[in-house]
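What follows is one chain in C-alpha cells, specifically the form predicted on its own.
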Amino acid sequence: MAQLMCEGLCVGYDGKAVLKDLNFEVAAGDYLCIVGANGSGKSTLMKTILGLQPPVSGSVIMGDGLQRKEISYLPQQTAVQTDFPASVREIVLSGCQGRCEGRPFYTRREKQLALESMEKMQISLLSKRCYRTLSGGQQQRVLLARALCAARKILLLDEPVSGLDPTAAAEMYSIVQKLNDRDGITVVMISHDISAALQYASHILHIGETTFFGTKAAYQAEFPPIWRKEGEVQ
C-alpha cells in the first residue's frame, strides 16, 4: 500500500488553484522528484502535502500506517537562516523536538540520534562550530542532519542544492541517494535539475504545461525533453 496518495488534488492560495487534478502516489522506498518550471507550483504542492496549507480541493491521503509526525521537511533556506547563531549540534538536536512530546529535555536516545545523523552527514567534527560560519554546502548538511532526526519514514526536500556549487551539489545528491538506498527512507524532492532527477529518482512528477507521473523509465521513453522549452535547465 502507498504511504502517500494525492487524489484529484488542486493546490493554490485563497481558493485559487495553481495546480489542478493531480493524481499520484508514493510507496515506501520510492525516490520521487518533482520537476517543473519556476512558478509552476512545486513548493505549494509540497506545503499542501505537509498540511501547512489546505488543498483547494481533492485529498492528500496517508496510508501504510504513516503519521504526519513521521514526515520530515527540509525547505529552501532563507538569508536569515544562513546567519543563525547556534552551534551545529544544537541545530541538529533540535530536529528531535517532535519526539519530546512536551518534555523540556532530550533523552539519551535522542542525543545519540543527533550524533548518528551528524556522522551520516560527515559533519561530526563541526559539532561545536557556529552554524553561521559554515559554507553553504556544510550548512545544507547540517539542515539535512536535523531533518533526519525528525524523519522516520519520509523525507521531503525543496531544492536542497539551490545555491550550492557543483561539487557541493553532487555531494548532496549522493548523500540523499544513500539515505534512500541504505536506510530505506522514502524521498520526495523538488528539483529544477532534470538531469539529476533522471539520474537518482525512481519516479518523476512533472508539472506545468504538461503533467506526468510515472517511473523514470516511462518518463524517458514516452516524453520528449519538454523541460527545455519550459526553462527548467538554466
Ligand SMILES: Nc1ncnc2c1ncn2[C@@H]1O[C@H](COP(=O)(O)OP(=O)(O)OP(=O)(O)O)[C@@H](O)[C@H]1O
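Everything numeric here is computed off the predicted structure, so don't read it as measured data. When you see a residue number, it is the position in the sequence shown, counting from 1.
What comes next is about the form predicted in complex with the named molecule, which does not appear here.
Not displayed here, the named molecule is kept clear of A218 by more than 4.5 Å at the level of heavy atoms in the predicted bound form.
The named molecule in the predicted bound form is approached by K42, whose closest heavy atom lies within 4.5 angstroms of it. Within 4.5 Å of any heavy atom of the named molecule in the predicted bound form lies no heavy atom of E110. When contacts are judged by a 4.5 Å heavy atom cut-off, A28 does not count as touching the named molecule in the predicted bound form. For the options A170, A37, L50, I61, the residue carrying a heavy atom within 4.5 angstroms of the named molecule in the predicted bound form is A37.
Only one segment in the set 195-203, 170-178, 64-72, 42-50 has residues whose heavy atoms sit within 4.5 Å of the named molecule in the predicted bound form; it is 42-50. Counting a residue when any of its non-hydrogen atoms is within 4.5 Å of the named molecule in the predicted bound form, the hits in 5-29 run Y13, V18.
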